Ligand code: 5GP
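Let's start with one chain on its own, the form predicted alone, as structure tokens.
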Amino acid sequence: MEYSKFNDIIKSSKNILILSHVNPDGDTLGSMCGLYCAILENFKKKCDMAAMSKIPDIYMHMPNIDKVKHIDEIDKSREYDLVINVDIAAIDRACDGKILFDKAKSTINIDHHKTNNAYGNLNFINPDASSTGEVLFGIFNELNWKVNLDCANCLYIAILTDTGSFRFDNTKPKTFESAAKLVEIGVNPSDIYKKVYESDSKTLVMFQAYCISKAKFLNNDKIAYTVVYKKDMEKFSAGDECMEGLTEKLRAIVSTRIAFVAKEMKSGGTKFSMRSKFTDVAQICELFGGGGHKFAAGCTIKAPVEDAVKMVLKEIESREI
């Protein structure tokens, strides 16, 4: 790992942009805001931050989240000295942020997805890490950067959410070590848990209950899935944030081996969120141009919902699950 280069490029850059991926989750947002806090604390520099889509309400308590701009608010003709992507497994998940990434004098790619192809000038990718937040905390420790409480809270949220509250298989001893150090800095685990996991809106709860009630089960209930149509979103006035955690609820059923949610997109394509207990779903999603983790992955298929679901089911059913 080229830690000294990371430090030097931050130090020499006069204007910096940090990008999160589309449909932001706790890891990409926590990593983005955590990095913002760390650069401000250690170099007295303010960075620009950009999100590709609406930030879920459950993360609006995060330190410095109010400074995040929508990508449409950023001048695309601008050339930054440095653009840093956090938790963006493939550059196309940066959407219009890719324009700014490609124009930048220097780029850094920080991630933990095994499918990341190291597309930055400088890359810090650790597939063994639970989250990009954990990768970042490791970088900060290697460089002896000061990590203040705001930064610690952001990184803890990143780790907490990407491990499903330390329940997923990506939770390793190093994960707990990192979390413990963040708590030592002053993070309050109970407070953050309540804000992230016990602050759902009525709309989200009712929308997800409706989606689950429409779930279909195949192969002796080993496969569970539900289809979310545009009309469903409109019926509940549900935003993309209401999709968060829906696939996990289907995977939680004792008989389920593979669960997925197929969402009809405004563009006419279909977006899949896939989860598994034993099968490598990243391999399945890669076949359709997506990727992710072994037991949590996604993809987008440029086909109507019914056709796209048939394609995915055919691939799933061809495997031993």
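Sequential numbering from 1, following the sequence displayed. Treat the numbers as computed from the prediction; the structure is a model and nothing was measured.
One more form of this protein should be noted, the form predicted in complex with the ligand, which is absent from this view; the next part is about it.
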Given that the partner is absent here, state which listed stretch (270-278, 63-71, 30-38, 43-51) has heavy atoms within 4.5 Å of the ligand in the predicted complex. 270-278
The ligand in the predicted complex has a heavy atom of only one listed residue within 4.5 Å, and of 284, 58, 262, 296 that residue is 296
Please pick, from 212, 90, 99, 139, the one residue with any non-hydrogen atom lying within 4.5 angstroms of the ligand in the predicted complex. 90
For the ligand, considered in the predicted complex: do all three of 113, 290 and 300 come within 4.5 Å of it, counting heavy atoms only? yes
Are there residues in 209-244 with a heavy atom within 4.5 Å of the ligand in the predicted complex, and which are they, in order? none
